[in-house]
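Two separate entries follow, structure 1 and structure 2, each one form of the same protein chain as C-alpha cells.
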Structure 1
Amino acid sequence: MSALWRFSKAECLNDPALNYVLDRAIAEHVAEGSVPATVRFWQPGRCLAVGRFESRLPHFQEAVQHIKSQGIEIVQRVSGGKAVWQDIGYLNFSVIAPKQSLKIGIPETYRKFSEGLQLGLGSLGVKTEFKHVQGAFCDGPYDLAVNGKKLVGTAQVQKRGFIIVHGTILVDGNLDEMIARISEFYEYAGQLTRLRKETMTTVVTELGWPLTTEDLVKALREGYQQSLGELTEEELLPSEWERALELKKEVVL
C-alpha cells in the first residue's frame, strides 16, 4: 500500500445512489491495498440520504414511498445516523483509510480525519469546533459548528480493513427546503423530528460573500494536505466504478 493519499474531485454525476456507494467501493479497494487511502469531495445530486438503521422506524416504507411519490430519490447510506438532504449548495467529503490496528478509537478517528476540514475552513476565516447541536440535521457529538451553529454533519464507519469518515458541509444550501424534506420524512416514518433553522449555518453565511464549490474544494484540499501529507489527484480505477455499480442495487430504496 502506498503511503501517499489519493485525492478525488467532486463528481457531479447526478446519480445520488452511485455517488453514495462509491465510498464503499473505494473503501473495499483501500482495504485490500489496491488503491491508496483516499480523500474525496463530491456532490451526489438532489436526494434524501437516510442512515443505515433508519429502516427500523415504525413506518419506514410509508415514508420512503411518500418521498419517492414526489419524484425525489432516496438512498440508504453505509453509515448510521439520521437523514441528510442533498442538493446544490451542499458538499460532501469522505476520508477513506485502511484500518490497520484493532483499536477502535471513534473520537480519535473523528478528530484525526476532520482536522484537514477544520484547517481548510479556517484558512477561509471560518472557525469550527466539535459540538453536538440539538435541533440541527442529523445531529451527533462530532458535528462541526461555528459559534454553536451546525455547519458540517459527520458519520463514521469501521469495518474489517477500512474506516470511512464522511460528512456533509452546508455551503449555501436552501435550509428551508432541507428542513421541510427531512421533517416530512420523519413525520411519515412515525418519529417526530423538529429541526430548527437557527441551529444551522452555511459557509456562505459565515463568510458573508459568495464562494464557488471549486474554491471551497481547493481550500479544503490544502487543509487536508497540511493535516495528512501530500494528496495526489488520481482517477478512480475502473474496478472501483464496477463495484459501485454492483453495490448500487442495495442502497436504492
Structure 2
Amino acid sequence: MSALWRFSKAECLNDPALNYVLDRAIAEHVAEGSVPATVRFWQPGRCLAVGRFESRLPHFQEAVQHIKSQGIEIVQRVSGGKAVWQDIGYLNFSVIAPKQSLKIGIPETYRKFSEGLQLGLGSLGVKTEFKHVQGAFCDGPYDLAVNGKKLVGTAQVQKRGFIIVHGTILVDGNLDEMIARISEFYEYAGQLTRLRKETMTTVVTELGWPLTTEDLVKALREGYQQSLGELTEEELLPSEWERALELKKEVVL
C-alpha cells in the first residue's frame, strides 16, 4: 500500500446511491490490500438513507413508494440503524480499515474511529461526548452530542475483511425538514416515531458563526491525523468507481 492511511474527498452529489456504495467499494479494495485504509469526507446529496434492517418494517415498501413519489431518492446503506435525511448542510464521514488490523470490539472501534471527529471539532471549540440522545434522528449510544444535543450520527458495519464506521455531521442543515421527512417515512412504514428538534444541534449553531464545508473538512482531517497518523490524499482507483457502479443497483430502492 502506498500509505498507512489514505484521505479522500471523493463524492457524487447528483447520485446519492453511488455516493453511498463508494464506501463499500473502497472497503472491498481495502480488504484485499489494493488500497490503504481510508478516511473519506463527502457531501451526501438529497436523499433518505435507511439502515439495512429497516426492510423488516410492516409497511416498508409502501413507505418507499411514498418517498419516491415525491421525487426523493431512497437508498439502503450497508450499515444498520434508522433512517437519516441527507441534503445540503450535512457532511458525511467514513473510516474504512482492514478488519484483521483491528482486534477490538464494536464499542472500542466506534471510539477509535470517532476520535478524529472529536479532536477536529474540539479544535473549532465544539466539545463532544458519546451519548444516546432519545428523540434525535437515528439515535444510538455511540453518537456524538454537545451539551446533551445530538450533533453527529454514527453507524458501523463489520464484514469479512473490512470495518466501516461512518455517519452524518449536522453542519447547518434544516432540522425541521429532516424531522418532517423521517417522520413521514416511518408513519407510512407503520412505525410511529417522535423526533424533537430540541434534542439536536448543528456545528454552526454551536459556533455561532458561519463555517464552510472546506474549513470543517480541514479541521477534521487534522483531527484524524492526530488520532490515526498521516493521511495522504490520493484519487480513488478506477476499479473502485467501477465496483461502486456494480453495487449501486443493490441499494436503490
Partner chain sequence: MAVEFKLPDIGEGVHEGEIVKWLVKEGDALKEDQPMVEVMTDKATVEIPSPSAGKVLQIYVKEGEVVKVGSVLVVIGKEGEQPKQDGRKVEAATQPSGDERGSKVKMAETAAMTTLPKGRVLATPATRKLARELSVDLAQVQGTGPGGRVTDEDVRGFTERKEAVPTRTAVGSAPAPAAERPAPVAPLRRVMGDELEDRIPMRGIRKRISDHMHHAKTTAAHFTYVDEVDVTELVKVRDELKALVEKQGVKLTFLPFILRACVASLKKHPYLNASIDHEKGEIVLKHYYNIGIATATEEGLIVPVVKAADLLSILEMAQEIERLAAKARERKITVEELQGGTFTITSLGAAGGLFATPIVNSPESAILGIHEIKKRPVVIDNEIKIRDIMLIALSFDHRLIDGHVGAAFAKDVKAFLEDPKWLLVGA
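When a residue number appears, read it as a position in the sequence of structure 1, where counting begins at 1. Take the two forms, find the largest set of C-alpha atoms that superpose within 1.5 Å, and that set is the rigid core. Treat the numbers as computed from the prediction; the structure is a model and nothing was measured.
### Task
Go through 1 and 2 and tell me the one that is the form predicted alone.
The form predicted alone is the one given as structure 2; the other form is structure 1.
### Task
Could you check whether the CA atom of Ile88 moves 2 Å or more between structure 1 and structure 2, using the rigid core for the fit?
After core superposition, the C-alpha of Ile88 moves less than 2 Å between structure 1 and structure 2.
### Query
After the core is matched up, is the C-alpha of Ala180 off by 2 Å or more between structure 1 and structure 2?
It does not reach a 2 Å shift.
### Message
Following rigid core alignment, is the displacement of the Lys103 C-alpha between structure 1 and structure 2 equal to or greater than 2 angstroms?
### Response
It does, since the Lys103 C-alpha is displaced 2 Å or more between structure 1 and structure 2 after the core fit.
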